[in-house]
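Next up: a single chain in structure tokens, the form predicted alone.
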Amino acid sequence: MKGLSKDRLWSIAVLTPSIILIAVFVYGFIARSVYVSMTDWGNDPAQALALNPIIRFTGFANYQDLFTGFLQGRFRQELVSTIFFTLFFILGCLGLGLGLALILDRNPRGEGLWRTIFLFPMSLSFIVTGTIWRWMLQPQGGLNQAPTLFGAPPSTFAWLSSTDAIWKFDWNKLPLLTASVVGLVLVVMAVRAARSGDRTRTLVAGACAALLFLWALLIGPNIKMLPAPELHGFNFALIGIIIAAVWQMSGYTMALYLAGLRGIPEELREAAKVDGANDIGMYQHVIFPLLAPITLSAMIVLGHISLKIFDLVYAMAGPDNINTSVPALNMYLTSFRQNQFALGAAIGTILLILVAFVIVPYLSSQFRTEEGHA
């Protein structure tokens, strides 16, 4: 074949099997799951486990049922819980990991030992972590008994079974809230584009934000997804699971930040000191901006872990604790306990879309950066 060198032919020959396997067993199965989510497979118990089930195409009926169906309030609460879990999990891991990295960057005595101790939880599986923390968070467990060490009465907080919730909102107002948040993001984008002198992007982002706010004022309040109010919020039972997840993954962010801190040339620190910067100013204007790419990478990894979280919740709270349930756990129960395969596939597809919203923009920016360097 003209135009193809021997090395390129070898490269194609080596990569072709992997490409075929990925196309079939990854993207092929994703396509199959999306198709199943648009059928009624499992809605009829008699057909769910039949050798040749009668499956009818129903379009987006399963998705409509999940977001507006009377019996799918659990899934809607799980989506809200996942958003709160993701937010606090990422903030906890980034904050604790950065703090530990800053301490270790000062070369304390026994640094190698402390680094090993902080990284050790990451070597455990979420099942092991969940088992340990489930014992510690029991009503008579270690955390509730800790106040007795200082002469105080034991705590009675229900770490994994609390039904109390805060920051509640009506699910019917979700379109209004979503439009408002997206509009604010577009306003921020427009302001940044204006500062950089990009007039076209400023006009487009500003116009889209104005349309969203106009829609939110005139049409949004009249949209009702459910016939009656349905309140969802942040349940206190998630606090224990967030603590366990942060305990396990903060060592990962510590390692990333420590590597970034050690990679900053000492000349930059010395130059900042020569210019009169104190420690706070040096971190604010020199070190933290250089750590921004590491923060973004850590947020992407932690975000996709939190959106798919399953085993930690299963180990700590069990499969039937509605107050701590997440979409991945619901997908498992819907598919393999209730045999509603189409509805389970719809939940899985929604999770895939959520993960794609996190990962695809990051990958796109990385590709553009690599092309710019090329």
Partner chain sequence: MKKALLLAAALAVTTSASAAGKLEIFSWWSGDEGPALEALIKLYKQKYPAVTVDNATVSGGAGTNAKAVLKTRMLGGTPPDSFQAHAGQELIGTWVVAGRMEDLSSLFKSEGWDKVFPKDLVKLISQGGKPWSVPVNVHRSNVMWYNPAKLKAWGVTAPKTWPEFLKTCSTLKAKGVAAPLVVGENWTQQHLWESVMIGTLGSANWENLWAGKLKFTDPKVVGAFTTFGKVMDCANKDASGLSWQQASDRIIDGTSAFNVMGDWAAGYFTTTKKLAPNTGFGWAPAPGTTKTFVMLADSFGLPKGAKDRAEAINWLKVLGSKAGQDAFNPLKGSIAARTDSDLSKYNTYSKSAAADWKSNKIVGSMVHGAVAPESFTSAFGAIIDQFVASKNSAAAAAAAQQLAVRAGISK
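What you see is a predicted model, and the numbers here were worked out from it, not measured in a lab. Residue numbers count along the first chain shown, from 1.
What follows is about the form predicted in complex with the partner chain, which we do not show.
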Can we say R74, I322 and R337 each have a non-hydrogen atom within 4.5 Å of the partner chain in the predicted bound form?
yes
Partner-free chain; cross-checking the partner chain in the predicted bound form, the single residue of L302, L160, M254, L104 with a heavy atom within 4.5 Å is L160
Counting non-hydrogen atoms within 4.5 angstroms of the partner chain in the predicted bound form, say which of Q138, N172, Q145, S297 makes the cut.
Q138
Thinking of the partner chain in the predicted bound form, which stretch from 345-353, 64-72, 305-313, 30-38 has heavy atoms inside 4.5 Å of it?
64-72
Can you check whether N43 is within 4.5 Å of the partner chain in the predicted bound form, heavy atom basis?
yes
Give a yes or no for A50: in the predicted bound form, does one of its heavy atoms lie within 4.5 Å of a heavy atom belonging to the partner chain?
yes
